[in-house]
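Below you'll find only one chain, the form predicted on its own, shown as structure tokens.
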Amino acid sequence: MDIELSAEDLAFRDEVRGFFRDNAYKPGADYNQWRLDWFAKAREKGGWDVPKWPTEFGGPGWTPTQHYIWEQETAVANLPWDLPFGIGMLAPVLMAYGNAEQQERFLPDIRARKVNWCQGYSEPGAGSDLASLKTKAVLSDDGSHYTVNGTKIWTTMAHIADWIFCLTRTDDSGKKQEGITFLLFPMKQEGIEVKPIITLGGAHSVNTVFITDVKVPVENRIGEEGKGWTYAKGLLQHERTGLAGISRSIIALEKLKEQARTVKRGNATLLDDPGFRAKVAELEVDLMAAEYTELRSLASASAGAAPGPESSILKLKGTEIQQRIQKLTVEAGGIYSAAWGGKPVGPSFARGGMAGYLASRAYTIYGGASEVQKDVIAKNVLGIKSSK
């Protein structure tokens, strides 16, 4: 899709590209120091370190087009490693529902990337049906703290996290969406055990977290007791928008086409094959539609609106598109993709393509399974009410 950019937008794009170029990582340099310096310099640009934060909390106040440009340029730039849980997920909840003391306590360290956060949502019996969570938080008789017991699963980066934002059950007498409370507490303390889960692609990014008699001061509760489901829904909408990965998919699809041009098919290439080319064309059409939806979402966000059901549309379609790109990459690698676990053979992309495909199986599950997103869309976009 081609967006007609004004002279001001073109100047902004050049400024963004120049910043990325001037502050690129230099081989051999201390990566951790470069990372911290990069975010410090981005902050000096006027909130570039927190591009989606509102201006009152230090964000840049960009227009929808500027956000679009940023998403496009960051998809191809070599940016510092950054976990999304603090910056993109917890921070909006703190801004919307946290009190002034909590904002002053947590937001500066989140922005400075001094504290890594993880998300304590899913449980062994509460994945897509998150409201069925059973991790218990019991308030002490004097009202000073909660005692938390339970298990969280598929907790991304829990093994390196300093803190967790955690959904707990403080009341099970009413509807399951009620009685859920949003708590924050440190990970590195007695009573918390983290066990790794090795995924199908061979990576360690997710974990099981066992919580036993962990005491959480009441001042670490976000908002009101029992209102955590409301806060969690807002957080999930921010998460789902980020998981869509539209800009990254645009770049990945272009890379796939380049790879397909290197695979010979008779006197031509794989990209010239009508069947393969038709799959690529269908992907491009779907990706364009998702990109327009993302632009509408950015326009609404810049006008002050909170993420709505369009975040479920983006998450649903965006993750499906990512999976289809990975599947076509495996198809392009052909028989050589099967050798991904051993010595690389065939096209250079074949080994990574298979690993990426295996990892992508989770895309339509985490952040809310596709079936959940379809329910949200049916109810909030199409107006279809459940018969139950």
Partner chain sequence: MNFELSDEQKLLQDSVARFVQDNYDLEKRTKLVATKQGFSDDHWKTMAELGWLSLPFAEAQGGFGGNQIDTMVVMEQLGKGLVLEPFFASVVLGAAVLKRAADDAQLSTLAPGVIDGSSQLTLAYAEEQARFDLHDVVTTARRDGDGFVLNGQKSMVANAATATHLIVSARTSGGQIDEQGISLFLVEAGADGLSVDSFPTVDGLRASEVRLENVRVGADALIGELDRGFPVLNAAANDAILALAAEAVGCMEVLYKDTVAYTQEREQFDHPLSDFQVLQHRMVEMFMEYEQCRSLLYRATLEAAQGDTAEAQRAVHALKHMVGKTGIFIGENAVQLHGGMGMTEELRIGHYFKRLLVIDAQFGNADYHLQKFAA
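Everything numeric here is computed off the predicted structure, so don't read it as measured data. Positions refer to the first chain, counted from 1.
Not pictured, yet referred to below: the form predicted together with its partner chain.
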| item | value |
| --- | --- |
| Listed residue (352, 46, 334, 61) with a non-hydrogen atom within 4.5 angstroms of its partner chain in the predicted bound form | 334 |
| The single option of 144, 128, 99, 212 touching its partner chain in the predicted bound form, heavy atom within 4.5 Å | 128 |
| Contact of residue 14 with its partner chain in the predicted bound form (heavy atom, 4.5 Å) | no |
| Its partner chain contact in the predicted bound form: residue 365, any heavy atom under 4.5 Å | yes |
| is_contact(residue 340, its partner chain) in the predicted bound form, heavy atom dist at most 4.5 Å | yes |
| Contact of residue 347 with its partner chain in the predicted bound form (heavy atom, 4.5 Å) | yes |
| Site test, 186, 247 and 292 vs its partner chain in the predicted bound form, non-hydrogen atom cutoff 4.5 Å | no |
| Candidate stretches 29 to 37, 357 to 365, 48 to 56, 61 to 69, one within 4.5 Å of its partner chain in the predicted bound form by heavy atom | 357 to 365 |
| Residues within stretch 162 to 178 having a non-hydrogen atom within 4.5 Å of its partner chain in the predicted bound form | 176 |
